[in-house]
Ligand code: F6P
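First comes one chain, alone, set out as structure tokens in the form predicted alone.
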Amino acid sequence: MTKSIGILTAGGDSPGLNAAIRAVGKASMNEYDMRVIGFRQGFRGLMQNRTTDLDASALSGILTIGGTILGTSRDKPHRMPVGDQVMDMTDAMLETYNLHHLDALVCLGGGGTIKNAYRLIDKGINVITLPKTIDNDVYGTDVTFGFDTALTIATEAIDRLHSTAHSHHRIIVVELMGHNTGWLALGAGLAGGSDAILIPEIPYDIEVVAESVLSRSRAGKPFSIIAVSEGALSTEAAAARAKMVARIAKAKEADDKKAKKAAQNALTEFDTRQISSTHELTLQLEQLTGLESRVTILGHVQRGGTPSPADRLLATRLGTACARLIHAGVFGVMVAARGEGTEPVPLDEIVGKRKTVPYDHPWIDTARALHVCMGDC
């Protein structure tokens, strides 16, 4: 019998999503004569049975297009806003899955999507995920598609900011995306020749950063480029956050729901306040160094536009491997990039985990060898 598969994209948009959709769809149809449908707006589309046929015509010409032709959302299957309520809609999603006689559901997304897809396995849905995010923080894969494009955009931005920093003898602080990991800031900072790179994995001392800027000034280099990950924290802020996380863990262990909720709310409020921390960092540096300082926040421009050739290749490799796994009846896995090949990694080995930058990672060793300030020494 002809197999039928569904595809959805969830979480933030990312370059390479359409390349992955195309690869899964074309390989499934051409190699295995499968029927392919797409669900619009992520898991919400699966709940509402909002579908589109992903035939040859629909997949034509989308390889180079950014974003996702299916649309996306951050809705969670077990906490779906419905009217003025938040409900568990996993049963409704199972109904849609069975209505279309699907043999598999392919979910393209990052860590949050993997968690949500994993929940559907308990309902009897055959799930396969592909690792997508510009943050490169999905555990269990060498790299995620979307990262290379964002890295290229961020590096080009840093390249351009050098002109202003040099001409006006300024400190230019560039905030890069990355959530709570520093892959993007570290990679773009190195590739763009940043003088300091601040990432979440290494809490920074503002005095150390200021001294590195002043040291350059004394050496006849009266400007500095500082690449900052959006999740970077000072040593004081990192310590405060760690205490909040510990309180949540303690309340969870004691099964104290009230204390857990209070601690989680405090952490959410803390993280919200940190949104403006890059502006504060820039003001502090101006005060400590006496040098004019400016901040540039790249924001969503980093994940827009045409995907890079590397991301197109990666998404295509993962997508075709996904079709092979579905044909072989392998489910409950993420299709991970492993060297130049791929590997199915069981979702229960990666769900809830995040790939952070190791303290001894070669990129960090490289930065230190170049005397790039990492904020800690």
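Throughout, we count residues from 1 along the sequence that is shown. All values derive from a computational prediction rather than experimental measurement.
Unshown form predicted in complex with 6-O-phosphono-beta-D-fructofuranose (F6P); subsequent notes refer to it.
Contact with 6-O-phosphono-beta-D-fructofuranose (F6P) in the predicted complex, judged as any non-hydrogen atom within 4.5 angstroms, is confined among 195 to 203, 98 to 106, 299 to 307, 281 to 289 to 299 to 307. Interface residue among Met177, Ala157, Ala191, Val295 relative to 6-O-phosphono-beta-D-fructofuranose (F6P) in the predicted complex, by the heavy atom within 4.5 Å criterion: Met177.
In summary, among the residues Leu130, Ile226, Ile134, Leu186, the only one with a non-hydrogen atom within 4.5 Å of 6-O-phosphono-beta-D-fructofuranose (F6P) in the predicted complex is Ile134. Looking at Glu230, you'd find a heavy atom of it within 4.5 angstroms of 6-O-phosphono-beta-D-fructofuranose (F6P) in the predicted complex.
In the predicted complex, 6-O-phosphono-beta-D-fructofuranose (F6P) lies farther than 4.5 Å from every heavy atom of Lys221. For the chain shown alone, Arg74 is a contact residue for 6-O-phosphono-beta-D-fructofuranose (F6P) in the predicted complex, at least one non-hydrogen atom being within 4.5 angstroms.
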